[in-house]
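Starting off, we have a lone chain in the form predicted alone, written out as structure tokens.
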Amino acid sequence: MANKVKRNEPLVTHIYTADPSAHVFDGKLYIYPSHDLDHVKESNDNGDQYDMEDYHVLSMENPESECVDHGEALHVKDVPWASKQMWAPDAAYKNDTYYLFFPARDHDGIFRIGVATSASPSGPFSPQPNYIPGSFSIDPAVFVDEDGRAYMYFGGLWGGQLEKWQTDEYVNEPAEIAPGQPALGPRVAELSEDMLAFVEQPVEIAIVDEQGNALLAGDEDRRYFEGPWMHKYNGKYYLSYSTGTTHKIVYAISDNPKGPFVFQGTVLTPVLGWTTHHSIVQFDGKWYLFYHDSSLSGGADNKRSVKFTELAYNEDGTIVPIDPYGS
């Protein structure tokens, strides 16, 4: 199914989509979103309303063309280790193979991250029989650097369970982090050459202010919540993410893919709906921000729609903030 789209309008309207991970493969834009189900679900902080079961792959010949839905690429019933909640995925290309990375709850209710493979960027994808050893939490974002090394960034608070892994072991009821304590950061781990495992134990990424001080848990405008994304611009690494309760996409910059990252400012101001989740990609010399909101559904938290708009940089490398509803 194809849909002619414009910037800041839903890419598709026949299904609800969210959490877009956009990439350029074979000279085309491919978007890997989660697929929101069209039903009424009460919202809570555990994220039970986000009960997605499968993934569809979207593609566009260019930002001015129609968006094509290639249909179901992977379903939870085909993943032996997963029980439910196929949340925000990402994709990567290496070894003449397309990889789909995705979180889901295992049969004990713990979020893990799995990987599936395909010979085509549109799928369908065949899952590995088990999740990536040592993986946990949600929102995998995989960045393949210019030297061929690949890194996975991941983690989300609350329903994403990241705070339950502060000791690198799962703790069902962890101690609460006080507002004056350093905020939890996302995790990063380098991937193996075959992209199916970590070559190291995941480490926490430090996000600091201009003075080098850690961002605090009570700093709602700047601290990490979920939805990490990594891109590179003019030799610098840009880590962008959702702040959660203040509903912004913000970013930090480093000279190293593992940080520390120095906080810079806002990428995207709040959208309609509770969650915000994004990706940043370059196509034909221009940069684009893919994101979602709940406008198509009238504001339902669990019925979101993927959109995109152009992204610009200032001369000093900072990002020009985007108002999704501005002119």
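Since the model is a prediction, treat every value here as computed from it, not as a measurement. Residue numbers here begin at 1 and follow the sequence given.
Omitted here: the form predicted in complex with a small molecule. The next part is about that form.
- Remark: Thr275 counts among the residues lining the small molecule in the predicted complex, judged by a heavy atom distance of 4.5 Å or less.
- Under a 4.5 angstroms non-hydrogen atom cutoff, the small molecule in the predicted complex has Ser34 among its neighbouring residues.
- Put simply, Tyr153 is far from the small molecule in the predicted complex: not one heavy atom of it is within 4.5 Å.
- Within 4.5 Å of some heavy atom of the small molecule in the predicted complex lies at least one heavy atom of Ala88.
- In summary, the region of this chain contacting the small molecule in the predicted complex, judged by heavy atoms within 4.5 Å and restricted to 38 to 46, 66 to 74, 275 to 283, 23 to 31, corresponds to 275 to 283.
- Though the small molecule is absent from this view, in the predicted complex it lies within 4.5 Å of a heavy atom of just one residue from Ile207, Leu191, Val250, Ile138, which is Ile138.
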